[in-house]
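Before any questions on binding or motion, here is one chain by itself as structure tokens, the form predicted alone.
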Amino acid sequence: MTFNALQAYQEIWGALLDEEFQEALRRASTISQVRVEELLAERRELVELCREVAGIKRRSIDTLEELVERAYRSLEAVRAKPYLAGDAEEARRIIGGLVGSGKLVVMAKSMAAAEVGLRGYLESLGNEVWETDLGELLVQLEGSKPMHTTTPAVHMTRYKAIKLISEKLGVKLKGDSVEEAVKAVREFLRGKIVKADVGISGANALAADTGAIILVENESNIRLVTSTPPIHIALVPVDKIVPTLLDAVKVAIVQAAYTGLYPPTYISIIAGPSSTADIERVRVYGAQGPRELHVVLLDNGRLKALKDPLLKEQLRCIRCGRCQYECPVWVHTANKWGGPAYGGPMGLVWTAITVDPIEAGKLSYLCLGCGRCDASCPVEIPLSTILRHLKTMASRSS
């Protein structure tokens, strides 16, 4: 995937002049900061747990190549079908081959899917594809990209969101009721989910010892997407792999807490396709849930990043997006400042790993070096130091 920093600067300038965009970001960033601070002050055990997760992620990245091999074998053992995609193109090709054309596909929110441009690719093959996370659906209707890792439509006011739902989905909404809008989307998406041929998800974590995928959410769309269609495809970046199932659950809890969602409404553990052995203990795959589970392990620059002592640190990221809300630049630019998919402090580094470190470095010059991203990261990634590293790389290339 190509990316040009100059074009990103032009988009940033446009975002700064967009009053509605700025108002939505101000409101969302303030609410998020207060919510997380209050939660962590009240639940000190979460702060201790995040220190434990920091250690889990550090050990996982130190043995990542071994964990990938273990996860592959464990997935096979639970009757999932694993694949290793070296880059975005290979990931698209694998998933496109599994889906085919003329299918109805429903997707759970996945930044990895945005990273590889999956939805657009599947649509180009002649499939009908719908995002089922409300924020991602709004982004799809707008024809843009996610503006935050966990809250994709953070840049939209309720008026913009309701207008999109009304115009793009053909739903008649009265006034500015958020409740009415959510109800309309629920009814629309339920009609798609129950008829879908394929459900696609990401993962918050994957346990190498069991091949279990962990997914955390509050909308319940992920549970529907991963359990209703006959085929479930999970796109899982290799940095999401941790040694054990307990480790994976801990990662999901911390990720949820640092987005302000605690306790998580839903945590799903998926280890293989659905099955039953209720008749003479004969195991049959394909009961009430999917009869097939395909797991695409995505590299896309991550294993190469292991060789860079600073970029390697980013592989510990749990995608909570806390650094974005704390960044004084991001709160005015959202993910316009970052790359094709990711944005903000963490996003720039993910762009360096998955797309181009030089172009990411050119955008890193907007970083103020205040260190708020470092202080807010639950797994203690030295983001400001990595961004200085990217600036140096960019300056030496010119």
Partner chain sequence: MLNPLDVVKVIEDNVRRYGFPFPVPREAVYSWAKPLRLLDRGSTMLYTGALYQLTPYIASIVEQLSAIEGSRVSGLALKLSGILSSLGVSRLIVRPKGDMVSVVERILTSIVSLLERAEVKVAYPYEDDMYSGVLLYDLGLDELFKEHAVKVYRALKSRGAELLVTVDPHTTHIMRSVYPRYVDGYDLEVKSYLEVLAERGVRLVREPSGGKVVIHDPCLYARFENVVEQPRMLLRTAGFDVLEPRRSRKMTYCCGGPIEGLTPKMAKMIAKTRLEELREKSGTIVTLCPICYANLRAVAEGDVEVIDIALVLSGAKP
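Positions refer to the first chain, counted from 1. Predicted model, so just to flag it, every value in this text is computed and none were measured.
Omitted here: the form predicted in complex with the partner chain. The next part is about that form.
When contacts are judged by a 4.5 Å heavy atom cut-off, residue 371 counts as touching the partner chain in the predicted complex. When contacts are judged by a 4.5 Å heavy atom cut-off, residue 329 counts as touching the partner chain in the predicted complex. At least one heavy atom of residue 333 is located within 4.5 Å of the partner chain in the predicted complex.
Within 4.5 Å of any heavy atom of the partner chain in the predicted complex lies no heavy atom of residue 63. Across the options 31 to 39, 66 to 74, 339 to 347, 45 to 53, residues that bring heavy atoms within 4.5 Å of the partner chain in the predicted complex belong to 31 to 39. Taking the partner chain as it sits in the predicted complex, the stretch 4 to 21 comes within 4.5 angstroms of it through a non-hydrogen atom at 6, 9, 10, 12, 13, 16, 17.
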